[in-house]
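One chain is shown next in structure tokens, namely the form predicted alone.
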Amino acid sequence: MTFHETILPNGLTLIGEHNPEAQSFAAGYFVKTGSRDESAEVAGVSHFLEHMLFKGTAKRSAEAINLEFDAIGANYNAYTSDERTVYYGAVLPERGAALVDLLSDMMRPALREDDFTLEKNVILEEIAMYEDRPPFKVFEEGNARFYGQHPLGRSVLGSPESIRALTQGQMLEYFSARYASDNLFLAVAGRYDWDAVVAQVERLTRDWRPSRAERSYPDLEGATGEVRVTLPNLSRAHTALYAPGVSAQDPLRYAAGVLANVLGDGSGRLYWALLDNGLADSASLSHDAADGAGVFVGYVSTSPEGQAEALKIYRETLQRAQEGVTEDEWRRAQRKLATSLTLRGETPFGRLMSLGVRYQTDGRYASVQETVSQIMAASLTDADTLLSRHPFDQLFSFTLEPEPT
């Protein structure tokens, strides 16, 4: 693999991981903007903008964008999170230039008022759809309570009230600040001609300008304790759990990921404590290493009558882990993570996300081999350092449960 990196005169960064043996090409624009970068007045605008970028540009209609993706045989999509918005696709190498042209054009959408008004209804329907999904809703409400005023607690979708109140002018202002040439970058992976990619993108983006958009990094002081809310028409109890973790910039982030795997993977301690005993239909734990902050995040789904016992066992399982994990558990978790990362990196489409997210987080390139080495180098001493902080003594849980009968 060969890593490429170029910064254009307007501040736009291009990165690439070249694989001359690859049979495909993937490209994506990574925008450093998400719900954490929004104010309360424009809550949900990042996700709304993701939709609007598919509604047309000065050169292409919404129909033309979709037809062109199909015409070049692209596997494509986009997503918005609390930290980033990403637009990506994969094609055969000979259609790479067409993909880059289309994605670059989409980064300068028309944002027409008629499209804005129409798409607002689509967003409101999406919010309503997720309101009917308890595993989603429990994290929406749990995040708000755990994070409090911290930006990471803001909803990606926004609320019906914030979306209805959002104006086209507010979206245009947010777009100008956050979709600037110095607040996004293009990543490519697979088989390509780097000089040709750079020349093409420089031509396509010569009118883009920087804005020096900023992101706030307040200290995270998550909530502790327990909150329970009843809802009608529920048949199961759903619990979201949170404990202090480490940020994406912390050297212990790899150890935190391995530790979460030991406890919350499909064959981890929580599985044997809860699922294998028929006490829950789902019990998991992961580690979310975000930009400037990190959290262990868990989930339990049980029958209403078994929820109290299941949550008690969940907590006890994490508490016991603070006494240490075994060498065998640790090595198994490391191998599973290394295998998953390697399998995902075997195609340019799979590799693109790891490449872009890592670069956006700390501004440097890491090959699959380097990242695997970092995972395998995470030691039990690192785990002991994390556990010595007793993160699971500070557990917060939020439960949605049926109304009592």
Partner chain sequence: MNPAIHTHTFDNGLTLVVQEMSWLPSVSFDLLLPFGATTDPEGASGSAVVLAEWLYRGAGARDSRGFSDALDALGVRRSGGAGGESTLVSGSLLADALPEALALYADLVRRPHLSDAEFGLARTVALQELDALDDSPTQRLFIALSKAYFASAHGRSHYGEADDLKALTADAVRQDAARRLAPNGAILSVAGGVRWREVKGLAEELFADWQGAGAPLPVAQVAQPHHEHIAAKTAQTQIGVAYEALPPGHPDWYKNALAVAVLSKGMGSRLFSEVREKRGLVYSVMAVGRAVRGYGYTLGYAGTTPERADETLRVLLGELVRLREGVSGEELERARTGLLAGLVMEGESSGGVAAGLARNTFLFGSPRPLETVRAELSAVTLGALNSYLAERPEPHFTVLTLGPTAPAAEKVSAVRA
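Only a predicted model underlies this, so the values are computations on that prediction, with no experimental measurement involved. Numbering follows the first chain given and starts at 1.
The following text describes the form predicted together with the partner chain, which does not appear among the structures shown.
The partner is absent here; in the predicted complex, the one residue of S367, S379, S373, N66 having a heavy atom within 4.5 Å of the partner chain is N66.
With the partner omitted here, the residue from L263, V91, L152, A243 that has a non-hydrogen atom within 4.5 angstroms of the partner chain in the predicted complex is V91. Heavy atoms of no residue among E113, R358 and E403 are located within 4.5 Å of the partner chain in the predicted complex. A residue is said to contact a partner when one of its heavy atoms sits within 4.5 Å of a partner heavy atom; V229 fails this definition for the partner chain in the predicted complex, lying far away. Taking the partner from elsewhere, R60 is found to have every heavy atom lying beyond 4.5 Å of the partner chain in the predicted complex. The partner chain is not drawn, but in the predicted complex it has no heavy atom within 4.5 Å of I15. Shown alone here, Q394 lies farther than 4.5 Å from the partner chain in the predicted complex, counting heavy atoms only. With the partner left out here, the partner chain still marks one of 129-137, 165-173, 217-225, 286-294 in the predicted complex; by a 4.5 Å heavy atom cut-off that stretch is 129-137. Residues from 19-49 that approach the partner chain in the predicted complex with a non-hydrogen atom closer than or equal to 4.5 Å are E21, A22, Q23, S24, in the order they occur in the chain.
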